[in-house]
Ligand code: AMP
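As structure tokens, one chain now follows by itself in the form predicted on its own.
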Amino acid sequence: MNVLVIGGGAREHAICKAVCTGEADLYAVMSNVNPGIRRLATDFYLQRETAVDKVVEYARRRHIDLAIVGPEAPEEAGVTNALADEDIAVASPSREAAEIETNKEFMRSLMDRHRVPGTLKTRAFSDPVKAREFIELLDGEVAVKPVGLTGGKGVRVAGDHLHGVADAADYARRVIEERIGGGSRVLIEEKAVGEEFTVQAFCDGLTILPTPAVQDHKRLLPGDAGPNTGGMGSYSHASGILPFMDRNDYEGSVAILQRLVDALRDEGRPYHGVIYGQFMLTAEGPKVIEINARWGDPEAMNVLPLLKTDLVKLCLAMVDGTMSRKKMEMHRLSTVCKYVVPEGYGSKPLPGIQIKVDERAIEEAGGQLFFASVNERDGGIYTTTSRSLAVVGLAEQISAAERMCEEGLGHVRGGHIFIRHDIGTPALLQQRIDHMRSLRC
């Protein structure tokens, strides 16, 4: 079977590794030469992932049987639909189903129409004055979000990025006037207080198979300081749930994902692919922050290495609606993932810096390496303005996985790189546990 993976980041490198554990031949479309994907692929095409006609032409030329779309932008551009029109099986949602991510206003209205639990007080505006009035109604305790896609970097939250009504109203005005996210519309939501976590699930339009919960770390600096990023790292626990939550919290979030899949089907938008729920665990239980129509990045690196079941077979089951007959097996291990980023990431990152990676030493330390947004030229690996690579440790306990990850990171050298080292450490985990205990008590 010829399998095409679209995208060139660490998430896609993880998908490609999982594809290659089976008997499939891997092909790739990516906008940068990811060294890991290049070595795994039978062939690759250097092209923008959103160039629909060129992606489809390449898929036809290479006789692709199955396609997996990594990022959300190609889904919004219609790549999934165009490939399906060519009778190519696509284990990613259609443009219509993916609107649950690409249009935050649609997601909230879908939850309201179908009375899906876990929603927040929210309204969308194209008038800055009315947006300010709603912010005042919520006493400035809000999250301000562009309705469209911003690569995970457009959200501003009271207390973290916004200080008072005036600050929140000014950012809402900017979103509208500057068309941040691609449209002149902003979403204002009540601020949810708790601990964020992610649950990802395979979905065939009817049935979902959930994977372990993961906690991502969006803030750049240790102690959750600094600007929001695409994600500096993440961890999971061998039990499938996180240290600050219980089984009911996890099952509640899975139930919300199932209700959303049912709602999309009822509205004629059947969802085939991986669905990713970003939740806030509050004193009242899990609340929906966002729903994404793809694997998470970095969360994919925590989950895909745990798969025992052939990913390609799971993808085919998502396409043809046979998930209910599939048994998904996973290794019961904890994971810790940490990203290496160029110095200045989050504000003014330094591109073109050479990174030296001893891949064999990382493997011997028990770590797994996933290349992200780097360029490979003349036998060297160089930074771009985005995240460079990730190292993942896998062990029975989070503490052991964290030590393994750090040992692997010791074999990455570069003069102007940055790593958030506190991810997965006992001290930070205890802070999460204490925070939830204080909220619930």
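Source: prediction; values computed, not measured. Residue positions are given as counts along the sequence shown, with the first one as 1.
Missing here is the form predicted together with ligand AMP; even so, the following discussion is about that form.
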Taking ligand AMP in the predicted complex, would Ala143, Val155 and Glu190 all count as contacting it (heavy atom within 4.5 Å)? yes
Residue (of Asn81, Ser184, Gln278, Thr207) lying close to ligand AMP in the predicted complex, criterion heavy atoms within 4.5 Å: Gln278
Could you tell me which one of Ile289, Leu311, Ile362, Ile135 places a heavy atom within 4.5 Å of ligand AMP in the predicted complex? Ile289
Note: ligand AMP not shown here; in the predicted complex, the stretch from 278-286, 348-356, 311-319, 259-267 having heavy atoms within 4.5 Å of it is 278-286
Are any of the heavy atoms in Lys218 no more than 4.5 Å from a heavy atom of ligand AMP in the predicted complex? yes
May I ask you to state whether Lys104 is within 4.5 Å of ligand AMP in the predicted complex, using heavy atom distances? yes
Would you please decide whether Glu196 lies within 4.5 angstroms of ligand AMP in the predicted complex, comparing each non-hydrogen atom pair? yes
Quick check on Asn228: any heavy atom within 4.5 Å of ligand AMP in the predicted complex? yes
